[in-house]
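As a starting point, one isolated chain is supplied in structure tokens, in the form predicted alone.
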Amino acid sequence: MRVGIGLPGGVPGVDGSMVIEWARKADDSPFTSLAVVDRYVYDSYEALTSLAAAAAVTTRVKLATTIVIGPLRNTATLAKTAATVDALSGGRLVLGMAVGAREDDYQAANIDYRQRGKIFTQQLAALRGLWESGTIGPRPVRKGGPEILVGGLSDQAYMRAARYADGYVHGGGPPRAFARAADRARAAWRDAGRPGLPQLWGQGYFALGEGAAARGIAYLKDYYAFTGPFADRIAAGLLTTTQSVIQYISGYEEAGCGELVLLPAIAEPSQFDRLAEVCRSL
């Protein structure tokens, strides 16, 4: 199993120079991907723009959205932006997508929240054609366009992953939750008659070092406040010790995860270094 790290652009107040320096360090690290999360109504950096900046200072790591909220964006604009990041990075973009669950993001984008599933299915159906036609450039490096992952926990999400994507991306949680989702993703893949197996990506949050846990928990409770009391459960899953990171990685590997992205809950350079040290020891 490969291990990636999230860019800190999802944490409020982070300086842009830190995002760039964080990305710059990635090529000389044990990480195989740099990933971003996506929100509109939050003090965070735009996902694909962040990956374009990361593309300029990296040459090796994959650049992934885990996830970008597809229906918030015009499909043609999304196709062009993704193709641009893919071309700038030499074909390293992995476009993880889902519908999202925050209604205020849809209000800000003036998109009907109730239609997000329908919009997303239409979007997935259209992207490959837009990339392959060459009418919206630049032409992606990979034939057929960037790799696509679909996230979500509904029957429709697994169906979309099997029908339109290269794999499935899970939203986080303990390894047993990932294992259940992975089983459903594989079953949908087989039902759709797809050969081989889907790519399977997972993720989690970390905050390492003295005093980091409380700050990381506060961030997660704020970021996921829209879920109500469930935000406490999300925050309780924060990885705050070396041992918890090792166990989490081991659990995901045993569950069949192909790439596990660990997202920072604190935007400090030391967080990158601490996680890299743990991964080098594995």
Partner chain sequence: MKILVLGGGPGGLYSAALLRKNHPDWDITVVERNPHDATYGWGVVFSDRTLSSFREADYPSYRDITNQFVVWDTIEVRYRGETIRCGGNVFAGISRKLLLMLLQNRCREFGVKLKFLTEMREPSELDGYDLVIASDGVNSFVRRTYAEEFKPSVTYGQTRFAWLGTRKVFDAFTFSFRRNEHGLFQAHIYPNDGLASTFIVQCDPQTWRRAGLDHATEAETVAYCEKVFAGDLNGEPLLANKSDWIAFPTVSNKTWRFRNIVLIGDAAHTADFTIGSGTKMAMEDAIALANGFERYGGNIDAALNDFELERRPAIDGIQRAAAESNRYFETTTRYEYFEPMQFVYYLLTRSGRISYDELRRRDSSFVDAMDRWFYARTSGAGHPNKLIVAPSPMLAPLNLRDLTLRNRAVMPAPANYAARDGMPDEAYAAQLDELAQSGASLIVTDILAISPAARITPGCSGLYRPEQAAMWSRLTKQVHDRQAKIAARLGHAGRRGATRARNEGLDLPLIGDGWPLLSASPISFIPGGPVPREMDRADMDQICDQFVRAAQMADEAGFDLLDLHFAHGYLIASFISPLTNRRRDNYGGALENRLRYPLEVLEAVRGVWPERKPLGVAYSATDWARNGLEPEDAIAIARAMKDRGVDLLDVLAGQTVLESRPVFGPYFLTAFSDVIRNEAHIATITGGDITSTDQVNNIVAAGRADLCLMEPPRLNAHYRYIGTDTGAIDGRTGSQG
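Residue numbers count along the first chain shown, from 1. All of these numbers come straight from a predicted model, not from anything done at the bench.
This protein has a second form, the form predicted together with the partner chain, left out of what is shown; the following refers to that one.
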(message) Just to confirm, with a 4.5 Å cut-off on non-hydrogen atoms, which of Ser44, Thr240, Thr58, Ser29 contacts the partner chain in the predicted bound form?
(response) Ser29
(request) Name the residue from Arg184, Arg116, Arg102, Arg73 that puts a heavy atom within 4.5 Å of the partner chain in the predicted bound form. (result) Arg184
(request) Spot the stretch among 84-92, 149-157, 102-110, 207-215 with residues whose non-hydrogen atoms come within 4.5 Å of the partner chain in the predicted bound form. (result) 149-157
(message) Is the partner chain in the predicted bound form close enough to Met1, Thr121 and Arg190 that every residue in that trio has a heavy atom within 4.5 angstroms of it?
(response) yes
(message) Would you classify Arg139 as touching the partner chain in the predicted bound form, given a 4.5 Å non-hydrogen atom cut-off?
(response) no
(message) With the partner left out here, check for me: in the predicted bound form, does some heavy atom of Gly134 sit within 4.5 Å of the partner chain?
(response) no
(request) Evaluate Phe226 for contact with the partner chain in the predicted bound form, applying a 4.5 angstroms cut-off between non-hydrogen atoms, and reply yes or no. (result) no
(request) Could you confirm whether Arg194 comes within 4.5 Å of the partner chain in the predicted bound form, counting heavy atoms only? (result) yes
